[in-house]
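Read the single chain below, which is given as structure tokens and is the form predicted on its own.
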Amino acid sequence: MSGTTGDKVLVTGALGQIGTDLVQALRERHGNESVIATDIRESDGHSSVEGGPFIILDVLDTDGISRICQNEGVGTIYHLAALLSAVGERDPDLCRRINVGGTISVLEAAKVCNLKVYSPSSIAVFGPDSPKHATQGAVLNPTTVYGETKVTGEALAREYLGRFGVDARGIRYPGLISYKAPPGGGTTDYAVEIFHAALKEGHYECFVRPETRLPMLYMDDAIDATLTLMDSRGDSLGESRAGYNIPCLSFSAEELANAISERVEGFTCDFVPDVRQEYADSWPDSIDGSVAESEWFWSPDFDLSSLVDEMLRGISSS
């Protein structure tokens, strides 16, 4: 391995929902110039990349990734570029090409440049034959293309660790809720859209049934979990390191709507399921994050009540 000359951080998919918050958190920790934000599209003044370096980057360009890492002295990549579930199902070939091909490109660059890699997975790795409270070792038979790409991503991370010593780590993210960036085309987008609709129109038409219950997490907790995992000593991490379940919330769409209606006078919500209901039905209601909790000692700070309060405050002040 040729290695790199420094310890800078590179983030792919920096303009997405997670990237918006993660770039900000990393720059607060490492300094603006030490965190290189990248995406395939122009930043157009996006708040997540203002004040620090931004590079247009195609994650399928392995040589380009390696060149940037070597020239800039990158030591760690947070690989967030991906097509999410609802968008991915509309174009399966593109979803596979970006999600799997992009992960291979990043892992290949990591092999050449001796990089540490964060490559997130998702609760979409589970399928209808997984238990409704999904354990870390539950069977992974997803029924969505997006879920298939995330199972493959976990397998690739394990392969590159075992064969080439690439320190690759990941979390199976639940639905993530944030006010700082718009949702990116996932099945859990309703849990973000509902807040904006409540404050702007006073009404929301939800695309899943009221009783639909899914694992969820406030974005601040997701960022904290990500950084905690990456800060953890490698020898403390077990065989789940490529895709940890993490402790998180579990609430129904109706419970979320009710919590908002308690705070936003006159807010109403109708439930009109569409094809995304099928994807939600294939996923667990909740997940067991005890392995992550025991190996790297993490648990969330936000419950449903504080999550709702933060979202309404953040949207109102933005």
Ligand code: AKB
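Predicted model only: the values in this text are computed from it and were never measured. From 1 onward, residues are counted along the sequence shown.
The form predicted in complex with the ligand exists for this protein as well; it is not shown, and the discussion that follows is about that form.
K.L.:
Within 4.5 Å of the ligand in the predicted bound form, heavy atoms considered, which of 170, 175, 142, 247?
P.N.:
Here the answer is residue option 175.
K.L.:
By the heavy atom within 4.5 Å rule, which residue out of 74, 123, 157, 110 makes contact with the ligand in the predicted bound form?
P.N.:
Of 74, 123, 157, 110, the residue with a heavy atom within 4.5 Å of the ligand in the predicted bound form is 123.
K.L.:
Could you tell me which of 161-169, 127-135, 230-238, 184-192 sits within 4.5 Å of the ligand in the predicted bound form, going by non-hydrogen atoms?
P.N.:
Residues of 184-192 come within 4.5 Å of the partner.
K.L.:
Considering only heavy atoms, tell me if residue 226 and the ligand come within 4.5 Å of each other in the predicted bound form.
P.N.:
Residue 226: no, not in contact with the ligand in the predicted bound form.
K.L.:
Taking any heavy atom pair closer than or equal to 4.5 Å as contact, tell me whether residue 84 reaches the ligand in the predicted bound form.
P.N.:
Output for residue 84 is yes: heavy atoms within 4.5 Å of the ligand.
K.L.:
May I ask you to check whether residue 78 falls inside a 4.5 Å heavy atom distance of the ligand in the predicted bound form?
P.N.:
No, no contact at 4.5 Å.
K.L.:
Output the sequence-ordered list of residues from 257-291 with at least one heavy atom within 4.5 Å of the ligand in the predicted bound form.
P.N.:
The stretch 257-291, when checked against the ligand in the predicted bound form, contributes only 283 at the 4.5 Å heavy-atom cut-off.
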